[in-house]
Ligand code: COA
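Shown below, as structure tokens, is a lone chain in the form predicted alone; questions about how it binds or moves come after it.
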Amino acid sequence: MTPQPRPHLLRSVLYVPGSNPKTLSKAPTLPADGLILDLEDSVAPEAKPQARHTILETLRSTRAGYAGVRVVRVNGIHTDLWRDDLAVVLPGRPDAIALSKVESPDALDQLTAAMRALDPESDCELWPMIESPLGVLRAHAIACHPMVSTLVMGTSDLERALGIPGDPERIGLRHALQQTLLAARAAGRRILDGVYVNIRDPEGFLAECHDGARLGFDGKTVIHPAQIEPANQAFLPGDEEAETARRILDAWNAARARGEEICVVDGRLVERLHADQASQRLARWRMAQA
């Protein structure tokens, strides 16, 4: 069974530590487009058993009323923890399972087999995290796995693996970001940019959001509530762009009614592909308004 990606915006997806009940209870009230309920890096080894059950209760309590995407990040396939993670949280019906440090489709096969054994009817999506050089090199094969809907960049781990310092221009990451994005698009998948770890640098965060949007990412993973609204704005067409998209579609539809395949809007040639792009931008803008 191949899951159908849910038609959600993914401008901002907030990591939430599974060992923090207070934060977990508040997170669904925030304007993020999704939550990654974390059992991996943000949870100490001794806290993981309780964190699993806390996340399960969060999943159950948000299943009916939460409009965003509920994702659980389990521990890596190289550990002895991920099976216990799945066994506890899968009955909560998460929308997706995020798996850290994926370097081949084999890891996703193992995860899928375990999910099927626990729940043969599960339609849970997989969100593999690309955070190593080998993961980048195999990103297309990973993205083509039938259960994958979204790739997630793990830029902090990738910087460490590449031996490069973080810098505002992300020069050392450029090739990896673009290659992984190309892999996602070639497979018809969504892709999220990595986190910005300095929560006291809103200007730097916003600049990185705009950089990710220009590259073509669908949105950004965030680690603090203050980062949600800037990400939502950066990865969404603004009102002016929406109005331009409307005019392009109006002109294109008028041209088609005359039996023509091209028209001119604001001095620029408009063909079918431009009309399709305008339609997509306008659809994203309307989703956000709703």
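Quick note: we count residues from 1 along the sequence shown, nothing fancier. All values reported here derive from a predicted model rather than from experimental measurement.
Just so it is clear, the following notes concern the form predicted together with ligand COA, a form of the same protein that is not shown.
Chemist: Among the candidate residues I223, A245, A255, V265, which is the single one with a non-hydrogen atom no more than 4.5 Å from ligand COA in the model of the complex?
Modeler: By the 4.5 Å heavy-atom cutoff, the listed residue in contact is I223.
Chemist: Would you please decide whether R60 lies within 4.5 angstroms of ligand COA in the model of the complex, comparing each non-hydrogen atom pair?
Modeler: Taking the distances in the model of the complex, the answer for R60 is no, it never comes within 4.5 Å of ligand COA.
Chemist: Using the partner position in the model of the complex, report whether R73 sits within 4.5 Å of ligand COA, counting heavy atoms only.
Modeler: Yes - in the model of the complex, heavy atoms of R73 and ligand COA come within 4.5 Å of each other.
Chemist: Should T23 be classed as touching ligand COA in the model of the complex when contacts are defined as heavy atoms within 4.5 Å?
Modeler: Yes, contact at 4.5 Å.
Chemist: Considering only heavy atoms, tell me if A47 and ligand COA come within 4.5 Å of each other in the model of the complex.
Modeler: Result no; A47 lies far from ligand COA in the model of the complex.
Chemist: For the chain seen here without its partner, which of 48 to 56, 23 to 31, 233 to 241, 247 to 255 has a heavy atom within 4.5 Å of ligand COA in the model of the complex?
Modeler: Result of the contact check: 23 to 31.
Chemist: Within 4.5 Å of ligand COA in the model of the complex, which residues of 36 to 51 have a heavy atom? Give them in sequence order, or say none.
Modeler: Sequence-ordered list: D38, S42.
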